[in-house]
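The chain below stands alone and is given in structure tokens; this is the form predicted alone.
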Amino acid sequence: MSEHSTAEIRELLDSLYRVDSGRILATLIRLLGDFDLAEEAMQEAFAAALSLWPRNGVPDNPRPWLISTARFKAIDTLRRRARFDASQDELARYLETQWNSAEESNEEASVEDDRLRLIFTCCHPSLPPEAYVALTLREVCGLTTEEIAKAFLITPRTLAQRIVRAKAKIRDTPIRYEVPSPQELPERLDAVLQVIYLVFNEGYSAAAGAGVTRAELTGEAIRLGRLLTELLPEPEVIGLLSLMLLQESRHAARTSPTGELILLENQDRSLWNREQIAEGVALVERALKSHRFGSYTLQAAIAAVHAEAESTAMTDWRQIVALYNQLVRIQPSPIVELNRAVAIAMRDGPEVGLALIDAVFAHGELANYYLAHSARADMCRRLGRTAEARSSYEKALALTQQEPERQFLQERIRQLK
């Protein structure tokens, strides 16, 4: 143990919470079998650390200390409840007797990762998609109810009710907290891939806040992708891992030293992580050779074309458009259509791209998607249609909550004036 001031302890705990709270919570959910009890116990453990560590010193291994302390807090909670419900005392005794054996046993023969188990639990086929996506963003990403509600374009109260119902379904069914058997994996795989990519995307482009990225989430998503690839080396699992590696390879070049957003076309490509690019390209080539790939592999192939180009001007836009054409066929969506329109604009010019973007807008589904308005503004800017560009940039600005993106859009508007 080492001694630190209260301010240093608070800073350390903030860092631990940001990086490790997801894993701690996942372990507690496995051990306690209750989402709400695990969340309450974890919060109490962090509060206890803030009180005790300045006096007693920081443990050599803070995460196990927090888990163990949370376990005792949970048992104390159950014993307080036992005054009104005798079954809670029985549960407390069960947890005490089972804790050591659970910690010491090697029961996780398939995958020793609680967060991956948590994702599989959240993605049980008995839960509707809107429920498991919301639950995963809350419990795995650690997003607030308000942040998730904004992403779903619903009220926080509706979102909270959705999460409560999902937790109750897991508890009452009950849904076992485990990676399913090989026979059960396929029916949950699409949902698991979706939520791992959601975790990555929240890290790659944070929905709100002072920073563009949340490195702890992109790193965790990649780690989970590696575990899933070991567990089930299917082409789309490999394709998703490739996609995340290729996107993350640009991390160091996406912002300036002072935090300003830098678009792909202006990034210093010497800062791109060549090891991640090499691994990502090898993985996507492996997935493509299977001829059983899907949308993640096609997106990875697009990212690979960008990664291997020396500049925006030297990018093979014809190949990217061809890949988007395939992607639209197997996964038609307004966002894919928007990205395809931007690629076509790079190949054929902004006038063609603007017409395609307006066609996407005509369907009404991207009216509240700030990147669609930003893309339209960029086409108008390139065409010299200043008033339209300013209007679209202002719409994008009104829809984004991330500070670096807001600063970027404000600068674009200033340049137009």
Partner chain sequence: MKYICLGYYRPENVENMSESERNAMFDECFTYDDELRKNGHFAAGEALQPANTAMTVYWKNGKVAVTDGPYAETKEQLGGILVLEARDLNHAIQLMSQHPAVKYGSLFEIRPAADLNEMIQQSEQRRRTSVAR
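What you see is a predicted model; the values in this text were computed from it and never measured. We call the rigid core the largest set of C-alpha positions that still match within 1.5 Å between the two forms. Residue numbers count along the first chain shown, from 1.
As for the form predicted together with the partner chain, it is not shown, yet the points below apply to it.
K.L.:
Is residue 348 part of the interface with the partner chain in the predicted bound form - any heavy atom within 4.5 Å?
P.N.:
Looking in the predicted bound form, residue contacts with the partner chain do not include residue 348, since no heavy atom lies within 4.5 Å.
K.L.:
Report yes if any heavy atom of residue 157 sits within 4.5 Å of a heavy atom of the partner chain in the predicted bound form; otherwise report no.
P.N.:
Judged by the heavy-atom cut-off of 4.5 Å, residue 157 is in contact with the partner chain in the predicted bound form.
K.L.:
Just checking whether residue 143 would be counted as a contact of the partner chain in the predicted bound form - the rule being heavy atoms within 4.5 angstroms.
P.N.:
So residue 143 counts as contacting the partner chain.
K.L.:
When the contact criterion is heavy atoms within 4.5 Å, does residue 43 count as touching the partner chain in the predicted bound form?
P.N.:
Within the cut-off, so yes.
K.L.:
Out of 286, 81, 150, 340, which one falls within 4.5 Å of the partner chain in the predicted bound form, going by heavy atoms?
P.N.:
It is 81 that has a heavy atom within 4.5 Å of the partner.
K.L.:
Find the only residue in 164, 330, 252, 335 having a heavy atom within 4.5 Å of the partner chain in the predicted bound form.
P.N.:
Spelling it out, the residue with a heavy atom inside the cut-off is 164.
K.L.:
Can you work out whether the partner chain is within 4.5 angstroms of a heavy atom in all three of 20, 114 and 115 in the predicted bound form?
P.N.:
Zero of three within 4.5 Å in the predicted bound form.
K.L.:
So which stretch, 193 to 201, 72 to 80, 273 to 281, 290 to 298, is the one near the partner chain in the predicted bound form (non-hydrogen atoms, 4.5 Å)?
P.N.:
Correct option: 72 to 80.
K.L.:
So with the core overlaid, does the Cα of residue 397 end up 2 Å or more away between the shown form and the other one?
P.N.:
Result for residue 397: no, shift under 2 Å.
K.L.:
Rigid core fitted, is the C-alpha displacement of residue 140 between the shown form and the other one 2 Å or more?
P.N.:
Yes; that C-alpha moves by at least 2 Å between the shown form and the other one.
K.L.:
Is the shift of residue 73 between the shown form and the other one large enough to count as movement, that is, does its C-alpha move by 2 Å or more after the core is superposed?
P.N.:
Superposed on the core, residue 73 moves its C-alpha 2 Å or more between the shown form and the other one.
K.L.:
So the C-alpha spacing of residue 226 and residue 142 changes by 3 Å or more in the predicted bound form; is that change toward closer or farther than shown?
P.N.:
Closer in the predicted bound form, by 3 Å or more.
K.L.:
Relative to the form shown here, do the C-alpha atoms of residue 141 and residue 234 sit closer together or farther apart in the predicted bound form, given a change of 3 Å or more?
P.N.:
Distance between the C-alphas of residue 141 and residue 234: shorter in the predicted bound form, by 3 Å or more.
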